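Consider the single chain below, provided in C-alpha cells and representing the form predicted on its own.
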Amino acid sequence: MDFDLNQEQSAVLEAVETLLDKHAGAARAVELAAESDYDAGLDDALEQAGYGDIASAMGRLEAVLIIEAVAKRGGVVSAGARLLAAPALSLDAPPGPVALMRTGHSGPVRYAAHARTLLMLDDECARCIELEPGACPAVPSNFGYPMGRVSDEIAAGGRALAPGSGPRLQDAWRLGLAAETVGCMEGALEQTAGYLKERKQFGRAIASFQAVQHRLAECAIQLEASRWLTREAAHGAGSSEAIATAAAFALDAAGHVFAETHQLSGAIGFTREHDLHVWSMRLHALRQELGGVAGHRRAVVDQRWGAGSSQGSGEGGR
C-alpha cells in the first residue's frame, strides 16, 4: 500500500480541515455537550460542501480521511454512518442524522435522539427505519455524544434491505468506529502534548522530561499504527478481516491513550474546565459499540478461521 496520500486526497483533506476551522473545535463541542445537542450547523456545512458525494464518488479511504478529521476537531455529527454505512447499503442520501443500532441492544444509541434514519444491524440483513422528530427520547450522557433510547416498537420496524446487507453494514460501522477512534486519539494526544509544553515543574516544561517523552511516544506509536491499519483496511476492497483487525487494534489502543493522556495531564485532566474530555470521553463510548474490543477480536477470529471458532456473543455494543 502507498502510504502517501495522492493529490486529490490531500486536497479533500485540506478543504475539510478549512471547513472544520470555521464550524468545529473544542469550544463548540463543549457547548453542544451541555445541551446534549447535535451539530446541525456542521452537518449542513459538510452537506453543502458536498463531502458526502466526494466520499461516495472517490471511495472508502476518502470517507475515512474525512471521518478522522471531523473526530479530531471534536465534531458532533454522525459522519461514519453518513459517509460509510449508508453508501455500503446503496442508500441514496437517507434523511439525516443517521444512527446505527444492533438488534437486541437495549442501551442508549449514539445520535438516536436527533436521527431521522436508523440503520439496524440484524444478522444477514440490515433494516432501514425512518424516524419522526423526537421519536427517540434523549438520554443524558457524559461521553460527548448526544444519546437516545430506541423503543422496542421502533426497533422492530422498518424495511428489510437486500440479503447480505447485514455484513456490509457491520463492516462499514466497524471501519467508521476505527476511523473515529483514530481522530479522537489524535485530538486527545495533541491536547495533552500542548498542555505539557506549557506546564512547568522544577523550572522546566514537563514535556522536556525523558520519562514523559517516552510515554507520549508510546501513545504516538499506537495512534499511527491504528491510523494506517484503518486506512489500509479502507483502501481498495478492504476485507472484513482487515477491518475487524483495524477496529480491534484501534479500540484497544484507545484504552491506553485514554489512561496516559489523563495521567500525564494530572488533576486538571479530570476536570471539565480542561478540554481533554472532549476527545477522551468519546473513546469510552466508541469502545462499547459492536461488542467492544472483544467483539472486534472475535470477528477477526471468525473471519480468519470461520464462524464458531470464537466463544461468546459479545453483547453490549450498539
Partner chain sequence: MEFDWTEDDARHREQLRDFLAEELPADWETISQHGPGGDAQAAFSRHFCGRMAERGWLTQHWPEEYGGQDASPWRHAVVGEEMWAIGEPRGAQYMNVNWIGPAIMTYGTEAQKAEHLPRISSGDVLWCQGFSEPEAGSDLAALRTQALRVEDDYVINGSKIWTSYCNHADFIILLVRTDPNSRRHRGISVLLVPMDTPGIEVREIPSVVGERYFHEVFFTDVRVPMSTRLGPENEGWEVVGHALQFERVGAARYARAAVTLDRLAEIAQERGLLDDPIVVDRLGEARALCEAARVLTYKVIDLRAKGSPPTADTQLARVLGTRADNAIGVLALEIVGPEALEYGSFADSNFRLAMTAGVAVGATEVQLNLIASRFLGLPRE
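Positions refer to the first chain, counted from 1. Worth saying up front: this structure is predicted, and the values here are computed from it rather than measured.
Here the subject shifts to the form predicted together with the partner chain, a form of this protein not shown in this document.
**Prompt:** If contact means any heavy atom within 4.5 Å, which of 244-252, 156-164, 82-90, 117-125 contacts the partner chain in the predicted bound form?
**Reply:** This holds for exactly one stretch, 244-252.
**Asked** Just to confirm, K22 within 4.5 Å of the partner chain in the predicted bound form by heavy atoms?
**Response** No, K22 is distant from the partner.
**Prompt:** Any chance W228 has a heavy atom within 4.5 Å of the partner chain in the predicted bound form?
**Reply:** W228: contacts the partner chain in the predicted bound form.
**Prompt:** Do V12 and the partner chain come within 4.5 Å of each other in the predicted bound form, heavy atoms counted?
**Reply:** Result no; V12 lies far from the partner chain in the predicted bound form.
**Request:** Answer yes if any heavy atom of H235 is within 4.5 Å of a heavy atom of the partner chain in the predicted bound form; otherwise answer no.
**Result:** Close contact exists here: in the predicted bound form, H235 approaches the partner chain to within 4.5 Å, heavy atoms only.
**Asked** Using a 4.5 Å cut on heavy atoms, which of L65, L276, A55, L286 is close to the partner chain in the predicted bound form?
**Response** The option sitting close enough to the partner is L65.
**Asked** Hey, which residues along 210-233 are within 4.5 angstroms of the partner chain in the predicted bound form, non-hydrogen atoms only?
**Response** The stretch touches the partner through Q210, Q213, H214, L216, A217, E218, A220, I221, E224, A225, W228, L229, R231, E232.
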